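Presented as structure tokens, the chain that follows is alone, the form predicted on its own.
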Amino acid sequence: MNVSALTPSELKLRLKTAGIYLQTGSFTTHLKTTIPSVAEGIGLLYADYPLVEQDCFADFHISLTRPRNLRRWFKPQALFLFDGNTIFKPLPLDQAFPMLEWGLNWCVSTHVNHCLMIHAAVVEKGGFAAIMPAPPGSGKSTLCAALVNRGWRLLSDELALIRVSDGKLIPLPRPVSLKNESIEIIRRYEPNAIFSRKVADTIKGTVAHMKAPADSIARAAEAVQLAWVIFPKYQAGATACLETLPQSRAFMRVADNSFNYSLLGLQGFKAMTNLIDASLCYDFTYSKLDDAIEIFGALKPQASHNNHTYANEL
């Protein structure tokens, strides 16, 4: 059963009482909340996601609620709880749904160490994936949103999960986070895309989330081979340019964007080495999304991918 099988009132009631067990990729989250905007966001952006049976195992147990002090009524706030414990500072109540999304990213990035984790968008087409590591403001999520609205499969807009056992990417398709000017850019680029309402004055500016394509959600169990590491950078007025990047430099830059490279030790080094060896690496500068789509559409993987050697090397 998917979230869409519940009426809005049924969803709100379940979230307030027993909670829901929400399947996102290979993770199950037990979620409870009394905050209407969170329930509305779940109903809108997670409509195509599976619900698993109540009282089953969950990777993460989280809840969003209001404080029990005066902040419940005066300049109301929202709290994010993990296993019943407060993890972050309270945020204004209006930011409760973005807080949920940021909290879910935190759950994965701090608790999943059977994968090498990289702060990157991930998209796939034709059986091969591109990861796009980049700092905030690079246009990573804007480019990701455009690509998944032009035939690419969304694996994630925030977290590349590389399975250390075989080097394949594990999908984690969730709503794409966009901020400031990027929101209207993608609205104009794909008028049929579904967005949450805009929330202003967050630590990231004005934010909104775009619903993941239904096909990407349906294929969330399909791990994929990595073929490209691309470092995107939006530059106003620039001609789209894909420039080959030496693997040694790509290695260091990907490692800088990893959440747990050092924590994994030798296993992390080997996983990163195999990741880079399996990939063609590029710097990519763009300003027009149509030009970016054309260049990505022309990407070709390396002539061969020696999947069987990966496990042997580890």
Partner chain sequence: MIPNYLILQALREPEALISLSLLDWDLLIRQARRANLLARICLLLDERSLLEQVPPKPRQHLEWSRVISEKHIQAVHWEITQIRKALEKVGVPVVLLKGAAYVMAKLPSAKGRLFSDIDIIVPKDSLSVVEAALMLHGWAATHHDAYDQRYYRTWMHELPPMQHIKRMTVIDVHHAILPETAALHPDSAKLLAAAQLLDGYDDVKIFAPVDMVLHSAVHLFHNDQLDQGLRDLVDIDSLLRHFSRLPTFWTDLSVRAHELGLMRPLFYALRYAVHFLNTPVPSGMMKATQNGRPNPLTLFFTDQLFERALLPAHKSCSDWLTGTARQILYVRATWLRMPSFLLARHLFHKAFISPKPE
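Residue numbers count along the first chain shown, from 1. Just so it is clear, the model here is predicted, and its values are computed rather than measured.
What comes next is about the form predicted together with the partner chain, which does not appear here.
- Judged by heavy atoms within 4.5 Å of the partner chain in the predicted bound form, the contact stretch among the candidates 222 to 230, 183 to 191, 131 to 139, 76 to 84 is 76 to 84.
- Though the partner chain is absent from this view, in the predicted bound form it lies within 4.5 Å of a heavy atom of just one residue from Ser287, Ser26, Thr34, Gln247, which is Ser26.
- Of the residues Asp48, Asp283, Asp59, Asp277, just one reaches the partner chain in the predicted bound form with a heavy atom at 4.5 Å or closer; this is Asp59.
- Although the partner is absent here, Leu91 sits far enough away that none of its heavy atoms falls within 4.5 Å of the partner chain in the predicted bound form.
- Contact check for Arg197: no non-hydrogen atom falls within 4.5 Å of the partner chain in the predicted bound form.
- Remark: Ser262 counts among the residues lining the partner chain in the predicted bound form, judged by a heavy atom distance of 4.5 Å or less.
- At a distance threshold of 4.5 angstroms between non-hydrogen atoms, Asp256 is out of contact with the partner chain in the predicted bound form.
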